[in-house]
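Just the one chain here, laid out as structure tokens, in the form predicted on its own.
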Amino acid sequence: MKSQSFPKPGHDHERCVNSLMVHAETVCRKAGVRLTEQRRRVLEVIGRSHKATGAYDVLEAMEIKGRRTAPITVYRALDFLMSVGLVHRISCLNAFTACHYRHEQSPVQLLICKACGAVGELEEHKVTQAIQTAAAKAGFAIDEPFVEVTGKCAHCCTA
């Protein structure tokens, strides 16, 4: 099982962003796709926080001197970033979170802290397998066995 832990409050987040961008370059190079300036900017905005970020929050953050980016441009960048595994969509919040590492073939489970809003990841193959087995028994064809779990992170539990 892989997991992305919840970073300590007040950590050096610039290191996270720099690491994310290096990771993004590597992923795109290996996939033979371009990380355009627009895609990079969207990823940087989402990667600036370990919390879920809505598409309109991205739009607002990208506003330059009163000039807004068109919503379709942000949505296209988000679609691209999701397709290469750099961003996860959090359905229950209608928001997005950056993915800091490449997953194997298994979908991830997202842990969403209701107190601070931070998002962590698990890559637990047994969870995915259990969902697929139960769905098959029910005669259900899964598109994507994606799990979102809400609760409190360790930092909020001890606060």
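Since the model is a prediction, treat every value here as computed from it, not as a measurement. Just count from 1 along the sequence shown to find any residue number. Between two forms, the rigid core is defined as the largest C-alpha subset superposing within 1.5 Å.
A second form of this protein, the form predicted together with a further copy of the same chain, is not displayed here; the remarks below concern that form.
- Heavy atoms within 4.5 Å of a further copy of the same chain in the predicted bound form map, among the stretches 121-129, 66-74, 22-30, 40-48, onto 121-129 alone.
- Though the partner is left out of this view, Pro9 does not reach within 4.5 Å of a further copy of the same chain in the predicted bound form, counting heavy atoms only.
- Taking non-hydrogen atoms only, Cys16 never approaches a further copy of the same chain to within 4.5 angstroms in the predicted bound form.
- Proximity of Leu35 to a further copy of the same chain in the predicted bound form: non-hydrogen atoms within 4.5 Å are absent; the residue sits far from the partner.
- Under a 4.5 angstroms non-hydrogen atom cutoff, a further copy of the same chain in the predicted bound form has Lys114 among its neighbouring residues.
- Taking a further copy of the same chain as positioned in the predicted bound form, the residues of 128-150 that bring a heavy atom within 4.5 Å of it are, in sequence order, Ala130, Ile131, Ala134, Ala135, Lys137, Ala138, Gly139, Phe140, Ala141, Ile142, Asp143, Glu144, Pro145, Phe146, Val147, Glu148, Val149, Thr150.
- After superposition on the rigid core, the Cα atom of Ile142 is displaced by 2 Å or more between this form and the one not shown.
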